[in-house]
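A single chain, nothing else alongside it, follows as structure tokens in the form predicted alone.
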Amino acid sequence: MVFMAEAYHVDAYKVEGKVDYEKFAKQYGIKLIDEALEKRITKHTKTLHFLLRRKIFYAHRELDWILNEYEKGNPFYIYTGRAPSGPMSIGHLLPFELVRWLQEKFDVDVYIQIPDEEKYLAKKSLNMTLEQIHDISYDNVLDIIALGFKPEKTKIFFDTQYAGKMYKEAVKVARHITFSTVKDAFGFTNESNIGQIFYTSMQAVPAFLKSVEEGRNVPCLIPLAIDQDVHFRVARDVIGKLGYYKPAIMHTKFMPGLNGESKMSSSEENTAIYLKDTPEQVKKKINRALTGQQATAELQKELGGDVDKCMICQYYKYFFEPDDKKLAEIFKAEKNGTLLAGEHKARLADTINAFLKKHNQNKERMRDRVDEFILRD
């Protein structure tokens, strides 16, 4: 089932409008991450990642259970993924940044699924061959491992290359999911191809794959964006029926688009920052970004700006200023009118370009090490 309200739409393949995250959580029985859970995480990590402090990762399914198991000496593993269709944007990094931090702090294994068939099946408008999407997948993997994942604890696999391992388990999942269920959950019609209908079964497998490998139940934690929750609303009960633990989930909000929309969309080139963007492209895009400032410099100095509407402020909040004190200074300058749009945008563009320069240097350093991470049949 998709969730629609007057101002927004969220399903597994499309997000539109300004998302009401708390309403979404309430609609689907997702709990908010409260102060008690934050304290439990901090007990093990010593500090809390800014994505959690700022409620960007804001909700969960059974995160408390995962911590219970960990504290009993039954460590979890993490599963996340990336369905490639083109170059990655900054927004795509949010789940991977938290996963990298969790790997470091909890010293756990990470499984990263690259479903290189999903967009081929679901988005014919891409007009790309399966082979072209597979090639893009490798570049996406480089962007992911450039964040600093540990090769000895990170297992990355492509669906088309690891199907021998996963298909047998996917068939077991598929046996328990009816067409009526997926039709209702995803809005499929008679024109939907059968690959789309089966796909959720493949996506479910990594949530219990380590349990299959080890011959015992291993808890699994899945950090994901809210549009992907539907796959595991369908799969969690099935996984339980197969005798495995239901995976716990952590939900992230979307990084907003430069135009103020709730989600940075890769299909809207002028509203997204890609990891491949040149410094000139970044500056041009940031200069067009929506701000919360007044119509003139005089009014901005007099009345100040709105940090919630200002995408410059929000980009610092979501990714580019992890220091809370520095973020507060940026917000204060926006609110009291001392920071004008031109300077505000120039600073952010420089910050993003410095990040991208370092990221792409890391990416090149990892180019010859990709096979250390890849699982194949």
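Counting begins at 1, following the sequence as shown. Model, not experiment: these values are computed from the prediction.
There is also a form predicted together with a small molecule; it is not shown, and the following applies to it.
Peer 1: Of the listed stretches (198-206, 302-310, 284-292, 127-135), which one has a non-hydrogen atom within 4.5 Å of the small molecule in the model of the complex?
Peer 2: In short, 198-206.
Peer 1: Check Ser262 for me: does it contact the small molecule in the model of the complex (non-hydrogen atoms, 4.5 angstroms)?
Peer 2: No, Ser262 stays farther than 4.5 Å from the small molecule in the model of the complex.
Peer 1: Classify Arg82 as contacting or not contacting the small molecule in the model of the complex by the rule of any non-hydrogen atom within 4.5 angstroms, answering yes or no.
Peer 2: Although the small molecule is absent here, Arg82 would touch it in the model of the complex, with heavy atoms inside 4.5 Å.
Peer 1: Can Leu142 be called a contact residue for the small molecule in the model of the complex at 4.5 Å between heavy atoms?
Peer 2: So Leu142 does not count as contacting the small molecule.
Peer 1: Any of the heavy atoms of Gly91 lying within 4.5 Å of the small molecule in the model of the complex?
Peer 2: Residue-level check for Gly91: no, no contact with the small molecule.
Peer 1: Scan Ala170, Cys220, Leu98, Leu224 and let me know which has any heavy atom within 4.5 Å of the small molecule in the model of the complex.
Peer 2: Of the listed residues, the single hit is Leu224.
Peer 1: If the cut-off is 4.5 angstroms on heavy atoms, which of these, Lys119, Lys246, Lys210, Lys155, is the one near the small molecule in the model of the complex?
Peer 2: So the residue touching the small molecule in the model of the complex, by this definition, is Lys119.
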